[in-house]
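Next up: a single chain in structure tokens, the form predicted on its own.
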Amino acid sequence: MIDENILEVKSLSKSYSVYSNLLQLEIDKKIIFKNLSFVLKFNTSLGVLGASGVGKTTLIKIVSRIEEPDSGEIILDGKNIKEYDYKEFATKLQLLFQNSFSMLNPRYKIKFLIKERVKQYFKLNNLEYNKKIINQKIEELLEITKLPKTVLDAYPYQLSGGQKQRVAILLIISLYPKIIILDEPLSALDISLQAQMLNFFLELKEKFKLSYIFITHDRNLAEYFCDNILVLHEGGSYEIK
């Protein structure tokens, strides 16, 4: 199973038009990447490195189906991502945003946010559930993410930065995806928490047999955490290490 490709990106190209306000027409195209190809194997981590503006965010958006590429295709778990409906795609791939705290609606207590997400898991998989089953699943997820039950009665603003990130991760893994995209997941945390969170991601990787795409600007972090590294360069070129 370890040699199987969970994600295949084939000859992906993306560019954006450059317009002249004076002439009111397109004067150039900015190539983000050209004929980009790579694979993500089952239960491995792929780091994506590159300077600001080389296409890391664009790549995330395309793989997550937020944007369309100019050309190329993406195969997720043996199927073109365009063939998935919303429900099935949500159980395959999830994105942990750089500002993961944005996932936590400040108007609601953590218990409500988790409960709604757990209900979504049962609905997406057409499974029956009741209050007891929901509560059991919540307790299980709290244990996995090493969060105390006291967070359930708190609002997001009452939690520490590390707790808020763990709640965001809990919301993601509650859908049991096969791939999680980590977009600069440590940038909002204190240095003291970064190593702790990185090891926590590794624990989740083994427990759930996850595959990660790890977006970062830090080569040392990528080399520590990832099995392979995709380096994006200005002008659309790339290399895989």
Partner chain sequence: MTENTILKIENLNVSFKLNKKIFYILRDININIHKKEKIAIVGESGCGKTTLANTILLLNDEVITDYSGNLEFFSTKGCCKKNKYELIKQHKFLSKDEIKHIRGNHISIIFQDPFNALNPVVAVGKQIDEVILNHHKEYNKKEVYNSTIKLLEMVNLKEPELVYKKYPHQLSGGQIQRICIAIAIANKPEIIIADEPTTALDADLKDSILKMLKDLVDKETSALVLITHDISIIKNYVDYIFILYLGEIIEAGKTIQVFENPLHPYTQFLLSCYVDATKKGKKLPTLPYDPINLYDKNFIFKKCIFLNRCSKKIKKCETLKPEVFKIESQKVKCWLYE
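Nothing here was measured: the structure is a model prediction, and the numbers come from that model. Residue numbers count along the first chain shown, from 1.
Another form exists, predicted in complex with its partner chain; not displayed. Remarks below refer to it.
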| query | finding |
| --- | --- |
| Heavy atom within 4.5 Å of its partner chain in the predicted bound form - residue from N220, S11, S17, S20 | N220 |
| One residue of L175, V39, I31, L198 in contact with its partner chain, assessed in the predicted bound form (non-hydrogen atom, 4.5 angstroms) | L198 |
| Non-hydrogen atom contact D190 with its partner chain in the predicted bound form at 4.5 angstroms | yes |
| Non-hydrogen atom contact I27 with its partner chain in the predicted bound form at 4.5 angstroms | no |
| Distance check, C226 to its partner chain in the predicted bound form, heavy atom within 4.5 Å | yes |
| E68 within 4.5 Å of its partner chain in the predicted bound form, heavy atoms | no |
| Partner-proximal stretch of 57-65, 175-183, 190-198, 31-39 relative to its partner chain in the predicted bound form, 4.5 angstroms, heavy atom | 190-198 |
| Any residue of 21-58 that, in the predicted bound form, places a heavy atom within 4.5 Å of its partner chain | A51, S52 |
